[in-house]
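Take a look at this one chain, the form predicted on its own, written out in structure tokens.
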């Protein structure tokens, strides 16, 4: 039987070692510059980091990830236990927890929320909790998960955004007849369980969150979190503009700082330039369907994909784009992801081998293709320009199409692309999420690429119920071996999260799983 309390103690020791020596101050609104706006603020039906990294501030889960991204700590549940046979998880809810409208968070709300999350008709993330057969509540403080089979990832899965606890009555009262229609209405006036509440949202421009007066967690001063009165998100797609507004003091923080600007901002006495540890991998996604727009698709040929990888000087791209901060990828998943396998950089630079493979694939003179890149994004510009030059050396003519994030996402999800720039961060301390998204085709056709491999699909399904750590590691090692050799990506590099903050911003953290955590942030006056 696994008990939560020891893990909670470890988390407390870990977090205690990082507490600021400064006395916290309350009040004020922190303004944060984002590269792109959110798309759909529903925990279950979303499909993008621009949503996920905001949702963690509006909704809490039963368990929360620790700040190092490797463990769990108490959330809306104060403790949990897993039965000896691994088929039951029992969670105890905190006393007196409330939603942002002051209504009580009940076991009925938890059952409703988890039922939404496990429904295979709701979104793409239900696989994270697909082992749950049913959820019930024997009393006013207890929730019991009954599993179809032992699940080695079920506890970290209860920290993930799609298991966020929502109010059943308020959600069901929303306009619409289907779950999606109700979610679309509810997201315009959400009632959450997290530290902040949506006050207003001018799409494409500004989103304002204000503190939840009923939030359960306590600050260092013994009063309820959060310390801030609110957080305002300004959407500023252009990197240079985002940095200028930070330097002028118009905003208090900014995400996705181009690595070429990191040294400059580190030298600025008014800026605290942070490189937060991450699970982020940067790559190019390829559309590998046999035809695109009715034409034969060269990217469908595995030898072409391998040739493109060999044609890229990854070390040079790392220097150009990250100023040496990045590291080469040794698998499609980050080295910080549990069960990562591989210690050798993938596809060393070899243009001669690239030309040979292109000839063997039937493209001795190369071909023309295109890539979707974010307009105004300095890192994307550096990556795609370098790719364009390197591909030209082996006969591949690359057209760079600069688009906004919403357009890129729409084209990508609908399969209307050749290639696109991409970045991934884990949301769970387990390899199941990234593997299901990248490699297991039944979820979203392997990142909307159209790639499928029967052995990979079978191994992934086996891994979902494998409780022998050694066997599970073998399954993931084989998945990585196959995918790294013939999958639908051009792996580039791993990087930390580059976030720049004004010097008066304290307590903000972006954890390795990507979440921007504002609950303990405060402004020094």
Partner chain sequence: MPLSEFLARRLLQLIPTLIFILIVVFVLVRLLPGDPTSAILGDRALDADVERINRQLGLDQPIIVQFWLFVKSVFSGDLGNSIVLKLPVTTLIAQRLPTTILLTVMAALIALIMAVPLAFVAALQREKLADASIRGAFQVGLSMPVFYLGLILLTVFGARLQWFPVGGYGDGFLDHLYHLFLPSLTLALSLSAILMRNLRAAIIGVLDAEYVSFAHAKGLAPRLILTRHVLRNALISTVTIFGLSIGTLLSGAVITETVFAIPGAGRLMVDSIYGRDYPVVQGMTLALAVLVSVTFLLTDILQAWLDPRVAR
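Positions refer to the first chain, counted from 1. Predicted, not measured: the structure shown is a model, and the values here were computed from it.
Quick note: we don't show the form predicted together with the partner chain, though the next part is all about it.
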Whether 405, 409 and 447 all lie within 4.5 angstroms of the partner chain in the predicted bound form by heavy atom: yes
Interface residue in the predicted bound form among 451, 391, 125, 227, criterion: non-hydrogen atom within 4.5 angstroms of the partner chain: 125
Contact assignment for the partner chain in the predicted bound form, among 282, 425, 287, 309, heavy atom within 4.5 Å: 425
Answer range among 332 to 340, 129 to 137, 354 to 362, 242 to 250 for contact with the partner chain, defined in the predicted bound form as heavy atoms within 4.5 Å: 242 to 250
Exercise: residue 68 in contact with the partner chain in the predicted bound form, heavy atom 4.5 Å: no
Proximity of residue 373 to the partner chain in the predicted bound form, heavy atoms at 4.5 Å: no
Close approach of residue 40 to the partner chain in the predicted bound form, 4.5 Å, heavy atom: yes
Partner contact for residue 433 in the predicted bound form: the partner chain, 4.5 angstroms, heavy atom: yes
Interface residues of 199 to 214 toward the partner chain, as seen in the predicted bound form [heavy atoms, 4.5 Å]: 203, 204, 205, 208
